[in-house]
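Here's a solo chain for you in structure tokens, the form predicted on its own.
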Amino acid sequence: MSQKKPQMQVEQKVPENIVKKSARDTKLREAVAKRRTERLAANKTRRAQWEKTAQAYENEYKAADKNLVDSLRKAKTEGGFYVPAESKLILVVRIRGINTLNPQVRQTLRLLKLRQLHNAAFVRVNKATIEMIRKVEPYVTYGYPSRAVIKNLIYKRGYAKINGQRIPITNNNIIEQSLGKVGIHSIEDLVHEIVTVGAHFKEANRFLWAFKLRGPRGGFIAKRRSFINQGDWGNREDLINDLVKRMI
């Protein structure tokens, strides 16, 4: 009988390219996991900072409101009057279209970011802006917005102007990328800068696209008459808030 030859066991080697690919993939997975962990930790820290800043602003607003009430009560007790400081901010709303529009008026409306009907924009109060508003007064209505209206406009109708494009403000990263260099990192920072007309109001206002509002619920009264003559155009002072609430 013939004897079977013992079979030799050959060691199977993993190809070198497979070994290198496996090591590379492992290294990449570890790097991605590390970056993800660092990103989550950084986001958590930033959220905590945003919440802390928002709470500080809220305390500041409450203190200002309390100071106003105390001043009014003190003046009433002493038999006098308390006159609050004049507003440094105006909200302008365009209420008429382009028919029979003078070229100079059209250019002024563009400078005020009011290119379309029912556009609204914030304007800092100074001599130049007052003169501009007077030029286009029969085509706009304006007044002094409250803190709540400013916040609602930015939260509900706020869009950013980035590289000439209208981008919805969906998160704070959009604000931080454009305005982080001037200390505005979140939407609460943006609202505070507009409300207080701070040192970087120009950058914050330029960052915001003109607000596109709808026609007011219940409609206008008479666009061709001034507000003081029971119409619509012109200065409404604090009553601009009632109109804008119907247009948001």
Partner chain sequence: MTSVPLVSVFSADDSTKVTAKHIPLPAVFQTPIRPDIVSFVHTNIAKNRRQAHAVNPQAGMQHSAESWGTGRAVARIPRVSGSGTHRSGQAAFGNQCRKGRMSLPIKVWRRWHRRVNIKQKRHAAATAVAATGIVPLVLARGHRISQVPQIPLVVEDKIESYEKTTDALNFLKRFGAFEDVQKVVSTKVVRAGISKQRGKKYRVRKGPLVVYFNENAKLLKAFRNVPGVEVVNVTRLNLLQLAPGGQLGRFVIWTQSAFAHLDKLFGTYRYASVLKDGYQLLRPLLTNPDLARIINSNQVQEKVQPAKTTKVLHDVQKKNPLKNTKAMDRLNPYAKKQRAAAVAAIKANTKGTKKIKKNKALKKASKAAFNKVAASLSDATKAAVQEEQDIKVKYFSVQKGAAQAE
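All values derive from a computational prediction rather than experimental measurement. Numbering follows the first chain given and starts at 1. C-alpha atoms forming the largest set that superposes within 1.5 Å between two forms make up the rigid core.
What follows is about the form predicted together with the partner chain, which we do not show.
Undergrad: Tell me which of 219-227, 182-190, 65-73, 200-208 has residues with heavy atoms within 4.5 angstroms of the partner chain in the predicted bound form?
TA: Stretch with heavy atoms near the partner: 182-190.
Undergrad: I'd like to know if residue 51 sits close to the partner chain in the predicted bound form, meaning any non-hydrogen atom pair within 4.5 angstroms.
TA: Judged by the heavy-atom cut-off of 4.5 Å, residue 51 is in contact with the partner chain in the predicted bound form.
Undergrad: Find out whether any non-hydrogen atom of residue 82 is located within 4.5 angstroms of the partner chain in the predicted bound form, and reply yes or no.
TA: Residue 82 lies outside the contact set for the partner chain.
Undergrad: Is it the case that residue 133, even though its partner is missing from this view, gets within 4.5 Å of the partner chain in the predicted bound form, heavy atoms only?
TA: Looking in the predicted bound form, residue contacts with the partner chain do not include residue 133, since no heavy atom lies within 4.5 Å.
Undergrad: Residue 212: heavy atom within 4.5 Å of the partner chain in the predicted bound form?
TA: Close contact is absent here: in the predicted bound form, residue 212 is far from the partner chain, nothing within 4.5 Å, heavy atoms only.
Undergrad: Quick one: 122, 141 and 146 and the partner chain in the predicted bound form, is every residue within 4.5 Å by at least one heavy atom?
TA: Not a single residue of the candidate spot has a heavy atom within 4.5 Å of the partner chain in the predicted bound form.
Undergrad: Pick from 77, 171, 100, 104: which has a non-hydrogen atom within 4.5 Å of the partner chain in the predicted bound form?
TA: Only one option qualifies, and that one is 171.
Undergrad: Indicate whether residue 22 shows a C-alpha shift of 2 Å or more between this form and the one not shown, with the rigid core used for the fit.
TA: Moves: yes, 2 Å or greater.
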